[in-house]
Structures are given as structure tokens and as C-alpha cells.
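The data below hold one chain only, encoded as C-alpha cells and taken in the form predicted alone.
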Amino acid sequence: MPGETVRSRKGRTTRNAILKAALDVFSRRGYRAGSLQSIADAVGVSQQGVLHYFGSKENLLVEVLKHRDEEERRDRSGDRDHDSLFARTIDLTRRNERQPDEVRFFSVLVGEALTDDYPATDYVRHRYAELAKISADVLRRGQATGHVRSDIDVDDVVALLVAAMDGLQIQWLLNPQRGMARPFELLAGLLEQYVTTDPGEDER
């Protein structure tokens, strides 16, 4: 950046390296078992050096989550509003297959969020609620334009999509050779056909 000092550039580089190392450590060992020392060792700084940038392990986890969200928003910047919910989720699943570390991190995060006194439980709960709302709104706009059946409960459809994505991600992490995009595309296609097809058409 113009006017940025060598020291500040080095600091920004170190900070980003810590975030990357933390994502790797937390995804493989979990938040509680992943130590600050292992993160520091991966970057080549002291544990105190990690705390210099983030203050605490809990703050580091929060910053990793924010950083991941920012990168995901950039990846999704090409989404078009007229794309169907099903096309968007299929694209997301394909992108996730190219970033196993991030998928593993979020899967571990969700599992740990079910335990007591976890610092990111509210984040996970909010993320799922926000995802459900945004996805349901897309389907409701489809209902308003007549592209989606009016008798469909859009919240149920969204719950199925999210459950399928989460479940396939876990299976894929355990067996990467199997892949997850193809089976998810099959399910998304069946759901899309279900919500857009007039049930009376089969009787005609």
C-alpha cells in the first residue's frame, strides 16, 4: 500500500501468516487442543509474538473466523441475483472441494460449538440463522414471481439443503476420493424439480 512502512508491511505479513497457521491448527486439532505454541512454531515467532497481534487465543479464533468470512465473500462476489438458490449452492459445494482446510476448519468448529463454554458458539448459531434467512428469501422471491410453488415450505427446503451440504462435507473429509459435489448436485436438482413443478402436471 502507498506510504506503508517496511515495518508495517512485515507486521501485516506476520499477522496473516498467524491467521493461516491458526486455521490449519484449529482445523486439525480443534480449538481447545490446538495450542498457541503450535501456531507460533508454524510461523516462526514466539507465543508472546502471537499474543502481541491478537491478545488472546479466543480473539485469535474470532479473527480467523472474520478472515475466513471476508475471503468467502470475495469468492461469492460473482454470484448473480437471478441465479437460483440451487445453482448457488452447487457452485459453493464445488468451491469447497477446492479448499479442504477451510471445510475441515468449519466442520470442527461446528462440532465444538455444541460443547459448553465455547467462544464461537454464538458465531456458529448466527451463521446458520443468517444462511437460512438469505436462502429462504431467495425461494420466497421465487414464489412471488411464480417460479417456485406457493405450497412449498421454503424453510424445510433450506434445512434439507444445509443438512445435505454439512453431511456430505463430513463424508468427503473422511473419504476425499468420494467427492461431494456430484451427490450434492443430484440432490439439489431433485429439490429444484420438486419446488418448481406443479404437482398437478403429473395428473394431466
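Numbering starts at 1 and runs along the sequence shown. Predicted model, so just to flag it, every value in this text is computed and none were measured.
A second form of this protein, the form predicted together with another copy of the chain, is not displayed here; the remarks below concern that form.
Residues within 4.5 angstroms of another copy of the chain in the predicted bound form, judged by any non-hydrogen atom, belong to 22-30 and to none of the other stretches in 62-70, 48-56, 35-43, 22-30. The candidate site formed by 162, 178 and 191 is fully in contact with another copy of the chain in the predicted bound form, as each residue has a non-hydrogen atom within 4.5 angstroms of it. Though the partner is left out of this view, residue 125 does reach within 4.5 Å of another copy of the chain in the predicted bound form, counting heavy atoms only. When contacts are judged by a 4.5 Å heavy atom cut-off, residue 116 counts as touching another copy of the chain in the predicted bound form. Using a 4.5 angstroms threshold between heavy atoms, residue 156 counts as touching another copy of the chain in the predicted bound form. Looking at residue 168, you'd find a heavy atom of it within 4.5 angstroms of another copy of the chain in the predicted bound form. Contacts of stretch 168-187 with another copy of the chain in the predicted bound form, defined by any heavy atom lying within 4.5 Å, are made by 168, 170, 171, 173, 174, 178, 182, 183, 186, 187, listed in sequence order.
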